[in-house]
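The chain below stands alone, shown as structure tokens; this is the form predicted alone.
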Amino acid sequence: MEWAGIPAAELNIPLTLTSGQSFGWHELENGRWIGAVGETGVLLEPEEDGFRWATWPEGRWDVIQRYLALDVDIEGLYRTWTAADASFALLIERFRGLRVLRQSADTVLCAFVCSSCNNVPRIARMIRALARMTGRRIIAPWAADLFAEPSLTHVGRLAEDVLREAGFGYRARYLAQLGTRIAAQGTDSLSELAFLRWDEARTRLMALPGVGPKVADCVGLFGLGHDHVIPVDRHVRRYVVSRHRPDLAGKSLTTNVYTALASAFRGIMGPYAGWAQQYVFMAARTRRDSDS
């Protein structure tokens, strides 16, 4: 394995991979993590002062570097956020090294279509099942059961009834329709949306089956690299209302209110507000887990 001297304070691998933005990773008993980035197999072994890595095919540091967004100066983000809101320092201290991943838009869309009325472990099982069903095995010497991430083109070859039998429930219809729609457009993925302005890409996404504002925003942030995009959930709403927009308390989450909440959060946290919302989400998630 190769060595990368990026400390956990700048890249917390276990925290990042389990923070509800990616669902295809598996932790081994020795603390290593195995997953796929597209059709590349990846093995990560985190340590306090860096991490060891391997890929299959070998030597694909470029894949790891992009996926983990190592070009982003996270310490610079911390300074920006705490200058805007001193109380955010508490979240940074708890979740230092949490990064937003640069994923395939196809994989993110499949995952968040599956996220409706669901929990993280079950979404992860669905995504792993979808990867197996699309059948592109990665023959890595250190992984016995690893498959490429699901693309919409390959998902489109699965019949709705097959997906239902596999446990996808009502989401099977959306997944089958998404695959068929992408194939009909003559493209092999959603990657072309990365070349559009975000408002145009968002409109295109929301025209797809099963895609509302929050799912579209998840694809924008996690799959298309729009770091300013904020998937508004009850946690972001609580943060904005409690600190900056008490006038929005108790209002129904209409399109206008959703937009106002996102704009307020972005106005506080700046161009990487999408990263900041991940810290708010993790704080709420860990609080919920500790209460259960």
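We number the residues from 1 along the sequence you see. Just so it is clear, the structure is predicted and the values come from calculations on it, not from any experiment.
Just so you know, the form predicted together with the DNA exists too; it's not on screen, but the next bit is about it.
Problem - Contact residue in the predicted complex, chosen from P141, G169, G76, G135 - any heavy atom within 4.5 Å of the DNA - result: Comparing distances to the DNA in the predicted complex, the residue within 4.5 Å is G169.
Problem - P213 within 4.5 Å of the DNA in the predicted complex, heavy atoms - result: Answer yes; at least one heavy atom of P213 falls within 4.5 Å of the DNA in the predicted complex.
Practice task
Please check if G270 has a heavy atom lying within 4.5 Å of any heavy atom of the DNA in the predicted complex.
Solution key: Looking in the predicted complex, residue contacts with the DNA do not include G270, since no heavy atom lies within 4.5 Å.
Practice task
Report yes if any heavy atom of T16 sits within 4.5 Å of a heavy atom of the DNA in the predicted complex; otherwise report no.
Solution key: T16 lies outside the contact set for the DNA.
Practice task
State yes or no: in the predicted complex, is some non-hydrogen atom of D227 no more than 4.5 angstroms from a non-hydrogen atom of the DNA?
Solution key: Contact with the DNA, no.
Problem - All of T82, R99 and T286 with a heavy atom within 4.5 Å of the DNA in the predicted complex - result: Zero of three within 4.5 Å in the predicted complex.
Exercise for the section: Work out which of the listed stretches, 217-225, 191-199, 90-98, 151-159, brings a heavy atom within 4.5 angstroms of the DNA in the predicted complex. Expected result: Looking at the partner contacts, the answer comes out as 217-225.
Handout entry: Residues within 4.5 Å of the DNA in the predicted complex, restricted to 70-105 and counted by heavy atom
Key = Stretch hits: zero.
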